[in-house]
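Shown here is one chain on its own, the form predicted alone, set out as structure tokens.
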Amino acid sequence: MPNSVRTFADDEHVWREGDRAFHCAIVMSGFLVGQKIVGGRNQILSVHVPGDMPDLHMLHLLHMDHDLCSAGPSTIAFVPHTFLNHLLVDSPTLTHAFWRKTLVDAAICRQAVANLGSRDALARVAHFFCELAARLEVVGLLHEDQFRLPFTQQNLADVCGLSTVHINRTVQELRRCGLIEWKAGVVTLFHRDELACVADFTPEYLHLSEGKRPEIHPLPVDAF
């Protein structure tokens, strides 16, 4: 695909709310976050890992409705909308893949709403680490239950809807329980099953092993 590649520094904007995009971003390395200022406070709405296309919806919408920022350094490839739109006309398989990706993003968003609305602080933070580990494992970025995470405690607070003081206490509690270590930008999960139990985490909503396109058989003539 025709593309241009850019590197972004920590907290540098890829798109701002209100921007009109003419390219789709593909995360090549690092992390992007979708975020929005609500009542004077930043709320991280989504976290995007390598392989994600966080602005795929902009193929059909005119303007960004939130900011897209780099969390730590990142490398992003930009592919023109015009190329993608022409490609999708000729490729039902790719159209299916993009549509599926959009549906999975919506499922992750629904889980985030449930996380913020119904889980306590310990479960929220544990759930974030469980989900990120599962997503990074698929793209080969989880090694012996370790992964790099260039987040600050403020970033984690913005994901989980908590204060930095509360985040600090919660992370310390997970450490005391022997479930995680977060040091020098590396997260280690010691007992993933126990951590998942604390988080009430089940990975089904990520649909990690259901990517095969279903076969479509034509209906018989007398069905119409």
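It should be emphasised that the depicted structure is a prediction, and the values quoted were computed from it without experimental measurement. One-based numbering along the sequence shown.
Keep in mind that the form predicted in complex with the DNA is not shown, yet the notes after this line are about it.
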Please state whether all three residues His127, Cys130 and Ala199 have a non-hydrogen atom within 4.5 angstroms of the DNA in the predicted bound form. no
Proximity to the DNA in the predicted bound form, single hit among Asn85, Thr75, Gln111, Thr152 (heavy atom within 4.5 Å): Thr152
Of the options His63, His166, Lys36, His191, which one has a non-hydrogen atom that comes within 4.5 Å of the DNA in the predicted bound form? His166
Under a 4.5 Å heavy atom criterion, is Leu162 part of the interface with the DNA in the predicted bound form? yes
Non-hydrogen atom contact Arg175 with the DNA in the predicted bound form at 4.5 angstroms: yes
Classify Asp120 as contacting or not contacting the DNA in the predicted bound form by the rule of any non-hydrogen atom within 4.5 angstroms, answering yes or no. yes
For the DNA in the predicted bound form, the stretch among 191-199, 26-34, 51-59, 152-160 with residues bearing a heavy atom within 4.5 Å is 152-160
